[in-house]
Structures are given as C-alpha cells and as structure tokens.
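For reference, the chain that follows is the form predicted on its own, supplied as structure tokens.
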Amino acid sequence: MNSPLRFLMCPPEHYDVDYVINPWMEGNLHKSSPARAREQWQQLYQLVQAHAQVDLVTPQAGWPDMVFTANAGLVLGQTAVLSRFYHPERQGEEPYFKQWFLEQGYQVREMPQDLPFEGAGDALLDREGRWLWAGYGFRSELDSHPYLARWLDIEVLSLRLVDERFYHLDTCFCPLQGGYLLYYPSAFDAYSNRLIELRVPREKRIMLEETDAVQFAANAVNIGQIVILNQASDPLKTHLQHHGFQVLETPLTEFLKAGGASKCLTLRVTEPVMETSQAKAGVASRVIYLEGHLLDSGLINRALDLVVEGGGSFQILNFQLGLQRQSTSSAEVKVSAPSGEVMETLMAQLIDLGAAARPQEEQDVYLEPVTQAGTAPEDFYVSTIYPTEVRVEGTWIRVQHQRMDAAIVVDRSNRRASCKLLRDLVVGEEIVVRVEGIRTVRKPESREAKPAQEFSFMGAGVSSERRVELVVEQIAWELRHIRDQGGRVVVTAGPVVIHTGGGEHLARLIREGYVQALLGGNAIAVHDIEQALLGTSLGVDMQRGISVHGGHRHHLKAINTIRQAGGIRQAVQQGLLTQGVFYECVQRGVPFSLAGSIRDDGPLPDTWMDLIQAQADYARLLEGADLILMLSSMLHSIGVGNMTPAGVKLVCVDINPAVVTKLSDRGSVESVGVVTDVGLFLSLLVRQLDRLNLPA
C-alpha cells in the first residue's frame, strides 16, 4: 500500500487480561482466547493495511497491553510525545515505544516523571488539523495539556471524562474527516459538552446512544471516508452513511475484555502540521494557601475533592504538618482547571473553605461599576454566609451585613464594604467581580468534623405513591379534546416540576398547543431558566442527578442574566434563552404570570411583587379556562382554586396527599386529585398523548 498514511500496530503475541485497571477487565482475568485474539487482530490489520501503511513494533513478554499502541504516545509532524502511564502495570512499555520513535527519527518529548499522559488514547487531533482534543479525569492529568500545546504548537481543548467505563478519550470520542465528530455525550461533564458544542456544529455532531457506546463504536479508526470499528447499530451505520462515511465492522470482542477496540489497537504516526496551528491551552492554574487543622477537620480532603469533582486537578507543592494538638497545619496547593471560567468557579468554592492566595501573592479585589440599576456586572462575586474580607488598596476590609446570595459593594473613599441584594444595586456603585482579593475568615482552632454537604436539597430521590396510568389516560383525552375544540387549559406549576425533570415534558405540552396560559411563582421561572442556561436546577446537574459544587449560585447567575436582558421575552428575542418552559411560552405566544413572595431572590423583572396586581393578572388569565392543571404548587394552586368558578375541571397533582385533598375537597365533581411525583405524572401524560395521536 502506497498511502502516505501510516499506522503503528503491535501483534498480540503476549496479549491477555492479566490484571484489572479498568471496569472492562473485571471478571475477564485470563478469559481471553489467544487464538481468537490473534484472528481478530489479523482481520483489523488487513483492513487498515488495505487503506494505509502499517508498521509493527515488536511485542514484549510481560507487557500484555502493549498491543494497544494508541497509548504509545502522540505524534504530530516529527514530534512524538511519549506516554507516561498512570498504572505501574503499563509503565514498562515506555522504553520500548521510546526506542521505536527514536529509530523512526522522531523528536521524542517526555512528560515530567509524576505527570501521567497516555498518548493518543487521551489526545485526538481534529481531523481538520485545527486543534487537539485532550482528555483527562482517569488516566491523563490536566497539567499535561500545556506541555502538549507548547511542544506541538497547537491549541489544546481539555475535555473531562466522568464515566469510568470510558477511561480514555478515544473510547468515547472520535474526530472524523471533514470536521465531523462521533462521540458519547454522557461520558463528559457539562462544561466539556458545552465546549464540544461550541467547536463542532450541530449538523456535524454524531451522538452515540449507550448501546453503541458500550460496543466501543467511538473507538474507531478513520481513514478518509472509511470508519473501521468493532460494531455499530443499524441506525448508527445509516447516520454515518448519510454523512458520506463507509462503515467497516470487524469483531474485536477479545480486546473489549481489556477495554479496547480498533482505535486502541492502532496509532496514527503520520499527522501533518497545519500552518494555522498555534500553541494555546485553556488550562488555568492558581496556587492556594490553606491553614488550620487540615487533617483532623478534613479540610484538606474537602478542598482536594472539590477541585477534582469540579473538573480540575491539583498538585500539593508544600505541606507543613502541625506537630501538637493545638498546632495548625498549612498547605500550598497548585490548582488547575480546563478554563478560566471553571477556575473562577473552583476558586469561589475554595474561598468558602478558607483558601486564600499565598501572602506574597495577595492581590486587590477587582471592582466594576453598576451600569444598570438592580443588575450586577458580569462575573460578580456571590457572597456566602461566612465572614468575608476584601483587599482594597493593600488593606483587608471586613464586609458588613454579611449574608448569602448577595453582591459585595465597596466604597473606596470610606474604606467600607457590604453585602447588597441585586435588586438594591444603584448605578455607579462598585461591585466585587472575579475572586481575587477575597478571603473568608475561619477560626484556625476549629476542629469540627466534616459538615454535611451544603445545599443538597435534592439529595434523596422521589417516587410515585401509586400507579396513575388510568387517571392519566382520562386527563390526556381531556387535554386533546380541549385543544382540538379551541378551548383553554391553564397550568399553575411550582419549581418541583423542574427539579423532578418534568420541565421538558411541560415545555413540550406548551409547544404542541395543549397549554393556553401558565401561572406560577418566581421560583419555577428561575429554575427553568437556570436549567436552560446552566444545566442545573437548585444546583443539581439534571443529567446526572448530583449536586454541583457551587451550584447554589447558579440561580443568582440565571436571575442576573435575565435582569440584564430586561426580562424573559427579551432574553428569548436576544438569543440568550433558547430552551425550556418559558422559552416555549414566548415562542408559542402563551401568556404567563409570575406572582412573587417574600422569599424570592432577584426577583425576575417579569415577576409581580405587588400581590394585588399579581392576583388581578392571574384572574385575567383564568377567564374562560376549561381545565386547570395544578402541578406541585400548594400556595399558587390554592390561590387559583379560590379564583376559579364551578364548572371548570381541576386536576391537582402533588406528592403530598394533604395538598391534593385541600384542592380536591371543593365539593365539585370536576376535581381530580393525583397523589404522585409530578415528574412521573408529566412523563406518563406526554407518553399517553403520543399514543392518542398515533394513526388508527
């Protein structure tokens, strides 16, 4: 084959599952068939050789995973970055791969001794040559990415892996010819998925279902328009063929037992350097200083866990252990994050734990003026319950009126700082932005045990009290009948709709014309918008169902964005809000009314804080209603019930039987109470409507 493309492979002479270093190896120790492995490898070798040149490296006894040559290193032009394996079980491969690269005339670069980087398993070039995708989280460290950018003179985009089954980037991510991307979104955190979406147009993103992902469909070899992989479902093959790719399947089940497939078994060693490339890595690093009873109180563990769970990495530069019970310890920790944005979030959370800059690196706070009353500048610091100091002109000043979820206003002329709610901000006031020059004041003698996780409102799941399919069938029939007759359905909903995952179903009901008005409070709109903008509700990642560190600030960020835009409708018109319940209301022209309360943050500009006006607006939208669907909002539902005349069908859905009883006990045969989780109810309702709309 005279193709300019060259790949490196290693015959499986010594291949077996000899140890467990990834989930795929569990239960497969010494269960691989050597004969079948050789046969499957030979079939892959012949397929690749039919379209490119294949070089072979000599297998070595004692290193069974050497067959996975993708982990030998990363090649770009004449530079080869040698792998620095994370697990000792593979570290013995390094000198053999280094020797091969040197014999081929490559300039070999090596990571520092304790900085793991596992080659093209965790570093994949965009097939247009514009940048390098680099994974981290299980095998390779984030701090290796700046080295890659500098040595290869290329922009590096960092992606965090969060599913241990997909421990290398190439197990779930495959850049394809023409700028296409084959990948499994659930293997990545929210930030990484946003980065992918920013760089790869929607029409070029080919997203895998889990059934294809676990067959390592993304662990594919791409040669021009050819995609060589272990196995692909018919829908995936059709999708790839639609984009002009030819799919070649070759069974690699013996190698799946060790967590690898076609891409893992090959290393592309001819990667041309693009003239447009430039050294750039988004990785941001800071050094923080911690002092106190770091071990007994668990503070150091909490800080390091926070960094890792927040998408960063760390390196302990210095640790001074207190020798007596009353002695304090101190630590200097280098914290790295994939971007400045993630670093700002991490630093805000670390500040809450008492982290600060090293004394010799202290900075003044950054201040920006308020330009719109009731709206903070971008990247404003959100205050916490902890006593806080800000550094102004070299002096630390204690913040007055300390409270959670406020901005910090600094009066430089009087050397004062205080917390202030967003709605009270005045044009011209200077607001603390970013996280430099801020520290919380903690007592170093505190030896309290690790506290319960903050803001874990949704830590426990919810479940339905009983089966509701029968009543849902009747409600679905009523909804479709009312819609088809041009009637009016009014929904009053609480934030639980969003928290339980029902938001997407309510949005669909609005989009498909089943809802003619929506009533609620400030909270449902805030958390719907928070989910639409940041992927969380009350700081909980709605995809993974776990609390995000620092996520309790997200609702303030969402409020601030809408206040800057001037309101929900303006945010949709400006392209800031592109999905969710209230986006669909604006797009479909469905009126909504939000009634405020004393507990509301912000509030949103659309929220009525004069309750007399709110009641009048509710009553206006309730006129002519044929059915009112009340979804987990006790106070708003009771208020609506009091405004509704007899003859209007009422459906009250709540997990709390007392709420259902209160709303249903109106002496009217038109009332239906459903005791269940509102997210489950909406899911069943949408499914039943789909059945009703199927052709006979």
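From a predicted model like this one, the values you see are computed outputs, not experimental measurements. For every residue, the number given is its place in the sequence shown, counted from 1.
Beyond the structure shown, there is the form predicted in complex with arginine, which is absent from this document and is the topic of what follows.
Engineer: Taking arginine as it sits in the model of the complex, is Thr500 in contact with it (heavy atom to heavy atom, 4.5 Å or less)?
Structural biologist: No, Thr500 is distant from the partner.
Engineer: Within 4.5 Å, heavy atoms only: does Ala258 come near arginine in the model of the complex?
Structural biologist: Contact with arginine, yes.
Engineer: Even though the partner isn't displayed, in the model of the complex is Ile21 close enough to arginine, meaning a heavy atom within 4.5 Å?
Structural biologist: Result yes; Ile21 sits at the interface with arginine in the model of the complex.
Engineer: For Pro338, is any heavy atom within 4.5 Å of arginine in the model of the complex, or not?
Structural biologist: Taking the distances in the model of the complex, the answer for Pro338 is no, it never comes within 4.5 Å of arginine.
Engineer: Just one stretch in 627-635, 66-74, 28-36, 649-657 has heavy atoms within 4.5 Å of arginine in the model of the complex, so which one is it?
Structural biologist: Heavy-atom contact with the partner occurs in 66-74.
Engineer: Which residue among His549, Arg439, Arg302, Arg90 has a heavy atom within 4.5 angstroms of arginine in the model of the complex?
Structural biologist: Going through each option in turn, the one that passes is Arg90.
Engineer: Just give me the single entry in Tyr167, Tyr381, Phe188, Tyr183 that has a non-hydrogen atom within 4.5 angstroms of arginine in the model of the complex.
Structural biologist: Of the candidates Tyr167, Tyr381, Phe188, Tyr183, Tyr167 is the one lying within 4.5 Å of arginine in the model of the complex.
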